[in-house]
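Next up: a single chain in structure tokens, the form predicted on its own.
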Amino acid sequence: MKYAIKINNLTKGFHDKTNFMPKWLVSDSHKNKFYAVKDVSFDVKKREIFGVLGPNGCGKSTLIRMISTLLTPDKGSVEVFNIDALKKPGEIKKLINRVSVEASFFKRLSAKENLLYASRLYGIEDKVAIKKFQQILKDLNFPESMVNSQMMKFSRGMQQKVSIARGFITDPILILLDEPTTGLDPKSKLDVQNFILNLHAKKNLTIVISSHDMLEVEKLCDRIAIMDKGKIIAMGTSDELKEMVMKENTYELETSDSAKSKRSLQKFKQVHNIITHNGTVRFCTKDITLVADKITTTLKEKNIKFKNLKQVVPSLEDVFLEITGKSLEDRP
């Protein structure tokens, strides 16, 4: 068996009674129905770390919920290890687990009590469960002294680490990670990412990660599907996706005012795919010699300090911008 997951023409719609949904989500034939996932097809190989990259509201979580059998698709099929998710959801649930950004706990219970409760639902003996989650929490750099503390006292990062321990305590052969590091501080995010990579290297484990963090997806994933408006719009390895924007060179400009610099660059017809990020502006152009002097002159006239205009390797953000015309941050 080569594939852990096989998805074919998967579609899921919801009825919107508030009429507040974006126009691109709403079906023409059903004015109050929007489609979070539309005709999505892809395969995930066994032992692969597969990423689904896209902005908030693009359908990632709905897709993950259908794979985990929490939602029933309107049409299409999902097979997990050759098991039909619609016909035999119970068999699939024995093989998988899911970690969500919306982790729920009994907040007045301790981390240990929450983890024991979850393990008992799977028939795991307490002594076995304790040994497992102690090691997982240690690998996640979770303070041992806090295991017996109430969950309500934990930070967002600490709660998410407990959620990850709960997801892996059952020894799934497929783990679905839905925005696993959203809202975490940089140290907690790094702890979680390293844990995922280390565990994957040790075990016969397939992982699907949904995220809007392009750096995280690029770091963790073997292959990546870029999702927008409920559809998969591109798929491949990080290098394969970046080749899509290699027809022009990508440059990065360090600047004192990235927003103002972006507006200035938008006036040049030879400059495309302009993105601001952490005090820099990235853009594409076929020949920098044609516009370099004009760009620097314009920035000086507007009293914008800048330095280090350099060529860089395209990012997944550049790919998303090339395909959709907008950056991940521009999406609702």
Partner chain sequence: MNKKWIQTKAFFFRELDMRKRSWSWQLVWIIYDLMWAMSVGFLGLGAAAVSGVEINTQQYVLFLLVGSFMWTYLSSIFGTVSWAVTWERWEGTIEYTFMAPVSRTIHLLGNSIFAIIYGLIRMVIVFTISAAVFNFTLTGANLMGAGIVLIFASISFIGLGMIAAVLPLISPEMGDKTTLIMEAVIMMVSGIFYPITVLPVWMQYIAKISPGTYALEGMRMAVIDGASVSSLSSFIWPLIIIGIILIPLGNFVFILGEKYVKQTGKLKRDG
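Positions refer to the first chain, counted from 1. What you see is a predicted model; the values in this text were computed from it and never measured.
Absent from the display: the form predicted in complex with its partner chain. The rest refers to it.
None of 71-79, 190-198, 250-258, 212-220 except one has non-hydrogen atoms within 4.5 angstroms of its partner chain in the predicted bound form; the exception is 71-79.
Three-residue candidate spot F34, K46 and D171; no residue lies within 4.5 angstroms of its partner chain in the predicted bound form by any non-hydrogen atom. Taking M158, I124, A234, L205 one by one, only a single residue has any non-hydrogen atom within 4.5 Å of its partner chain in the predicted bound form, and it is I124. Proximity to its partner chain in the predicted bound form, taken as a non-hydrogen atom within 4.5 angstroms, holds for one residue of L241, I226, I136, V99, which is V99. Mapping the unseen interface onto this chain, F142 falls outside it, with no heavy atom inside 4.5 Å of its partner chain in the predicted bound form. Although the partner is absent here, K88 lies well away from its partner chain in the predicted bound form, with no heavy atom inside 4.5 Å. Not displayed here, its partner chain is kept clear of K262 by more than 4.5 Å at the level of heavy atoms in the predicted bound form. Under a 4.5 angstroms non-hydrogen atom cutoff, its partner chain in the predicted bound form has R108 among its neighbouring residues.
Contacts with its partner chain in the predicted bound form, taken as any heavy atom within 4.5 Å, map within 80-95 to G90, K93, K94.
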